[in-house]
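Next up: a single chain in structure tokens, the form predicted alone.
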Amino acid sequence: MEALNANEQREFAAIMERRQMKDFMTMYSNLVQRCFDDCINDFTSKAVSSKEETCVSRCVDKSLKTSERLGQRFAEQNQAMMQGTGQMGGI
């Protein structure tokens, strides 16, 4: 990143920001679709039943906790790899 001039750095940051937003929106869309498919099954009423509402709430909660846990595990693995690489450099 240091090899880029100020304009290139701003452009790169804008591209990364758009990419992150796109990834977030994709994840959000997939979450909505998955929870809807799993929980909403009574189309005889416009209202969402309490059973469906509870199911959606649990589905979203479980998905977000799973995503958070995966992120933590990824960070731990990344840190372990970086420490392993640092140790090998001293040999």
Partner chain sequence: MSFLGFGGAAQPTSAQKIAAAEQELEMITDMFNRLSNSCTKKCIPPDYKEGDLNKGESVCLDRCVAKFFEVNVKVSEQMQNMQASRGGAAGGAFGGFGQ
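Positions refer to the first chain, counted from 1. Predicted, not measured: the structure shown is a model, and the values here were computed from it. So that the term is clear: the rigid core is the largest set of C-alpha atoms that superpose within 1.5 Å between two forms.
In what follows, reference is made to the form predicted together with the partner chain, a form of this protein that is not presented.
The closest non-hydrogen atom of A14 lies beyond 4.5 Å of the partner chain in the model of the complex. Residues are counted as partner-facing when one of their heavy atoms sits within 4.5 Å of the partner chain in the model of the complex; in 62-78 these are K62, S63, L64, K65, T66, S67, E68, R69, L70, G71, R73, F74, Q77, N78, in sequence order. The Cα position of E76 differs by 2 Å or more between the shown form and the other one after fitting on the rigid core.
The two forms, fitted on the rigid core, differ between the shown form and the other one by 2 Å or more at the CA of I15.
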